[in-house]
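In structure tokens, the next block holds one chain alone, the form predicted alone.
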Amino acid sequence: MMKTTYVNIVMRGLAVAAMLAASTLPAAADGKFDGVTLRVATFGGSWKESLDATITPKFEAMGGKIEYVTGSPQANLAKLIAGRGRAPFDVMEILDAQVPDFMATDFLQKIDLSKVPNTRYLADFQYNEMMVASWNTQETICYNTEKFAELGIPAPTTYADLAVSALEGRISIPDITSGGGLANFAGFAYAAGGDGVNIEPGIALIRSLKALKFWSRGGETVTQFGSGDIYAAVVHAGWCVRAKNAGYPVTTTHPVITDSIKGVAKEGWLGVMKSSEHHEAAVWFINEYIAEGFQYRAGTKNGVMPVNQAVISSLSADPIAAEMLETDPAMIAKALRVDYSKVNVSDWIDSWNRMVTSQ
């Protein structure tokens, strides 16, 4: 059950554009965070640029400083494990696939939700005393419309539609160890008639695409589209947005997985490290992260679906976001969401490695 009614969400969405200018301005200097250096483990590139544009100035206006520790959530979790929970950062981006790992450890401290009022724009399941949802990605098929037209290939609606000879060696999918690897591996498994336990049909479907390229970072696909090295990629919509913004003739399709499932969702969370001594600053940052300013910019510039429900409806006003992202709540609800507490990720990785080495 949502914290707000759908009507209220729509009304807030209509007001977002007017609020954005104010929400991205630095707060009046009050010295609240004088001398505080908050370290945030997050993604680099345009993601960090969006944080710097919307959140950093506000924190600096209150006397503090934010240092972004850029890298993948997988690498940052490895740092936590190596340091036995002692983290070189205060706040961390957490992937949905890592949630069971964090629930089984003592790496996080409880979040004072009374200081995160923007959770009123989230669904109930999107926050708890240990984590707050931060973003969703919509995992898609991004393809070169001009090349598909030139080769006479219909616009794909399923992964199987990519299994044509003209695309052999021209498709890139995420390596299972990449940020999008697990979610998309599940997508292939379900689309081929399997599930989180019966993954062999998914392996067979991936094999049928033939001579694939595997990406480790989504940005590689933007480069590959630009060089003409690939004609299609299984990647989240944000990378297709960035390829489009770079001038490449690409668009997305949200793959049909089963009769009742369309698209694949990957979810992000924010947690405060137990070793952090800056709880107040950390929860302030989380509240700003889910505010309209960053959420709207992440949606339009980074192609990431906001968790702030009041922002989602406003994305339709941006032509590229409207083209690439699914903003209909009914359709968003149909996406595949993996419960990683019910699957054996080690088995997935072992099966993947056997497939790759036998190529």
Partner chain sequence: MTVRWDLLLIPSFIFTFVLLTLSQTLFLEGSFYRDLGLGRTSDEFDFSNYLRAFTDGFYLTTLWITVKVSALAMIGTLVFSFPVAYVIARMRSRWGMILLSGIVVSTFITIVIKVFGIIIIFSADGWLNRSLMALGITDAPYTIIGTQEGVVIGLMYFTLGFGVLTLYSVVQTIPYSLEEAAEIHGASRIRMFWRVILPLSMPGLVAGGLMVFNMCMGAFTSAALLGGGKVFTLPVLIQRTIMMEVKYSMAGTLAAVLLVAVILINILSIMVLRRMRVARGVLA
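Numbering follows the first chain given and starts at 1. Given the structure is predicted, the values throughout are model-derived calculations rather than measurements.
What comes next is about the form predicted in complex with its partner chain, which is not displayed.
- Just one listed stretch, out of 78-86, 247-255, 157-165, 281-289, contacts its partner chain in the predicted complex at the 4.5 Å heavy atom level, and that stretch is 78-86.
- 74 is the sole member of 74, 128, 275, 145 with a non-hydrogen atom within 4.5 Å of its partner chain in the predicted complex.
- Checking 212, 183, 141, 199 for any heavy atom within 4.5 Å of its partner chain in the predicted complex turns up a single hit: 212.
- Interface membership of residue 152, defined by any non-hydrogen atom within 4.5 Å of its partner chain in the predicted complex, is ruled out.
- Under a 4.5 angstroms non-hydrogen atom cutoff, its partner chain in the predicted complex lacks residue 341 among its neighbouring residues.
- Among heavy atoms of residue 208, none comes within 4.5 Å of its partner chain in the predicted complex.
- Residue contact with its partner chain in the predicted complex: residue 176 places a heavy atom within 4.5 Å of it.
- Residues 346, 349, 350 are the members of 334-351 with a non-hydrogen atom no more than 4.5 angstroms from its partner chain in the predicted complex.
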